[in-house]
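Below you will find one chain, with nothing else, as structure tokens; this is the form predicted alone, and questions on how it binds or moves follow later.
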């Protein structure tokens, strides 16, 4: 039986998370810890009067304001997490199918009632929908600890901290924007996801060199034969973060239902199909 039941697919997703928990959970958790320690170090070096003024300023600034309107502000402190998410996903995709072939565990999975399509789709769904959930959870804890620390500082300096509650609500709302942005980014960059999976399924060794080398070769041949730089210009437009970072939900709908998004999804689907096909061949 080659069909993929929901329970089987959930098991595949669980497998991806357990086998890559260092990339998906430990890495952002360590980043959050480092940022917290750095923030505490900065605070410890600041004069008491400056600390009190800063806490009071934040409390007054957010007091009574709409969390939805202030939420985009909290995408700025999330930028390091977004960058780490991209780096971890690239590492994961390059090894996703290559590692199965390298340690020969692919034979085990091919002996199970799970299709190659189901296996590849589980890795894509992991990237698009599952991994961002862990980052959202860690960001939530990060923002909560920051607000608690600010509140304690405010109380110790007898500063009004009521506005910090609105600040925390704005941070929580921003997590929705964070998740939607990462979801749109994955769809917008689906050609990249497909490209990396294709060479992860194909390369006998160092898939990163194959993926990068073939891309450079194609760009060189395009310039040599046609005298154009369409591939380079298209990639440049794809890596523009303004195309998928959203500040409100209506903006997300505009980004999702666009010709460029649809074209990228089609190209990505073709490359992913190639990765599924290549996985059938094991050295």
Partner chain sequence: MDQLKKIILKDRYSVLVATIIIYMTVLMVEGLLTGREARVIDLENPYFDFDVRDWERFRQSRDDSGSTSPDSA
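What you see is a predicted model; the values in this text were computed from it and never measured. Positions refer to the first chain, counted from 1.
The following text describes the form predicted together with its partner chain, which does not appear among the structures shown.
Enquirer: Does residue 267 make contact with its partner chain in the model of the complex, using a 4.5 Å heavy atom cut-off?
Expert: Output for residue 267 is yes: heavy atoms within 4.5 Å of its partner chain.
Enquirer: I'd like to know whether residue 134 contacts its partner chain in the model of the complex, with contact meaning heavy atoms within 4.5 angstroms.
Expert: Output for residue 134 is no: heavy atoms all beyond 4.5 Å of its partner chain.
Enquirer: I'd like to check something about residue 127: if you look in the model of the complex, is any of its heavy atoms closer than or equal to 4.5 Å to a heavy atom of its partner chain?
Expert: No, residue 127 is distant from the partner.
Enquirer: Check whether residue 231 has any heavy atom within 4.5 Å of a heavy atom of its partner chain in the model of the complex, and answer yes or no.
Expert: Although its partner chain is absent here, residue 231 would touch it in the model of the complex, with heavy atoms inside 4.5 Å.
Enquirer: Would its partner chain in the model of the complex be within 4.5 angstroms of a non-hydrogen atom of every residue among 195, 201 and 214?
Expert: So, yes: the whole triplet contacts its partner chain.
Enquirer: When its partner chain is placed as it is in the model of the complex, which of 22 to 30, 50 to 58, 37 to 45, 254 to 262 ends up with heavy atoms within 4.5 Å of it?
Expert: Only one stretch qualifies here: 254 to 262.
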